[in-house]
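To begin, one chain is listed below as structure tokens, in the form predicted alone.
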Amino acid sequence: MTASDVVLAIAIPLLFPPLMLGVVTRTKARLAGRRGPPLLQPYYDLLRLLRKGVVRSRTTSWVFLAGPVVGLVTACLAAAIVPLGANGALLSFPGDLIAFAYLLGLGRFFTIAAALDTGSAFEGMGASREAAFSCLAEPAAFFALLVLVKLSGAYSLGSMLGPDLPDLWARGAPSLGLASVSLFVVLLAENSRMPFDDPTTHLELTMIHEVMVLDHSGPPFALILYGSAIKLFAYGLLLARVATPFHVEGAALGAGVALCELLGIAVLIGVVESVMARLRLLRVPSLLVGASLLGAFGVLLLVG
């Protein structure tokens, strides 16, 4: 990678993710017949939170503050593993697909630990739900990645989603189609979007992720929101690369195409959240198991 490629690979994952949240919110507002907030509203919210003070309970320990920091760092590292168009990935090594999954898992672990550190029954309830549903989403993600491993014979996302991607689609379009649907379901579940969770609700008995961060404020809460945006960016970039059966040469052009694909995914998330209600909690495992089965069928098509 040239110096300009490295700058693009660092700057885009750091600057672009909040815009995806703005596009999701604006899409939902437009479909509801409203004008909606500005597209840059997530950036304004982050700046406002960074200027506020920190209020926290005396019963909390260092774990409470480590949760937002670890969540942000792990999300940034996971985003650096997914190739950004023709630029390739900033971090690439054999087995990095495992690192991608478990970096995000490490961030989730510290978020759950920070929620439990408050001693609040509500946050403990959200933490238990988050842990249970993430266990069900993990097989779906790994079956989708296994489809890529079977087709490419590689163990690195940079190799799987590189210039040979059109050849992979020519040899296994049905499997990659099923893997793309499975990854989209995982994206919605892991980023607390509807129909799995409602990021705008304040009803404790219905929340999953939001209830875990109720006690955070000021800069730590800004780190949580920023880390969540980068996590959505990382999953969206992975889905965009898997679901796109073409490869564009040229660093700047490839990055531009990738950003357009991410904006398209943000619009799709907004449409899904506009036409679907949040599922009952008892229905969520069924949808995640269905996503796992789709990925498993994709693998079986290649094995057979």
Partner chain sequence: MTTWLALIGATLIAASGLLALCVRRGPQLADRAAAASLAAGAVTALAGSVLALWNGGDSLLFEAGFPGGDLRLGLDALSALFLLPVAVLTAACGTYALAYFPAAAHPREAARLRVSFGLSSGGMILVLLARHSLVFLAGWEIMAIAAFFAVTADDRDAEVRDAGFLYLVSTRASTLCLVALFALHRVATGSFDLVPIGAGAVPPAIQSALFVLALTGFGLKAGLVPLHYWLPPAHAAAPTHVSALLSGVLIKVGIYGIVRVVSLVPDTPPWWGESLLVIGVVSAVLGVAFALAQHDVKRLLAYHSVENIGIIAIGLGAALIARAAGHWQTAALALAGSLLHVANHALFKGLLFLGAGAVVQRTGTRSLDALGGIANAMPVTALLFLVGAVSIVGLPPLNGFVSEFLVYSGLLRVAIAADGGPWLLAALAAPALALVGGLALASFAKVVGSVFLGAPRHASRVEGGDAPGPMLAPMAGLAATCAAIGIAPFALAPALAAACAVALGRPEAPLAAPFGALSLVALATLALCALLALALRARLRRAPLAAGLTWDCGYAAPSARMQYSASSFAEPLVRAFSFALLPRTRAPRLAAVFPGSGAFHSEVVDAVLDRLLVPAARAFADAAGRLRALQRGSVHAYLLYVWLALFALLAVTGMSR
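Predicted model, so just to flag it, every value in this text is computed and none were measured. Residue numbers count along the first chain shown, from 1.
Form predicted together with the partner chain: not shown, discussed below.
Contact with the partner chain in the model of the complex, defined as any heavy atom within 4.5 Å, is confined among 227 to 235, 168 to 176, 90 to 98, 185 to 193 to 90 to 98. In the model of the complex, the partner chain lies within 4.5 Å of some heavy atom of Leu282. For the chain shown alone, His247 is not a contact residue for the partner chain in the model of the complex, no non-hydrogen atom being within 4.5 angstroms. Although the partner is absent here, Gly119 is a contact residue: one of its heavy atoms lies within 4.5 angstroms of the partner chain in the model of the complex.
In the model of the complex, none of the heavy atoms of Val181 sits within 4.5 Å of a heavy atom of the partner chain. Highlighted residues Tyr43, Gly256 and Leu259: none comes within 4.5 Å of the partner chain in the model of the complex, counting any heavy atom. Among the residues Leu39, Ala29, Leu65, Val272, the one placing a heavy atom within 4.5 Å of the partner chain in the model of the complex is Leu65.
Taking a 4.5 Å heavy atom cutoff to the partner chain in the model of the complex, the contacting residues in 55 to 70 are Val55, Arg56, Ser57, Arg58, Thr59, Ser61, Trp62, Val63, Leu65, Val69, Val70.
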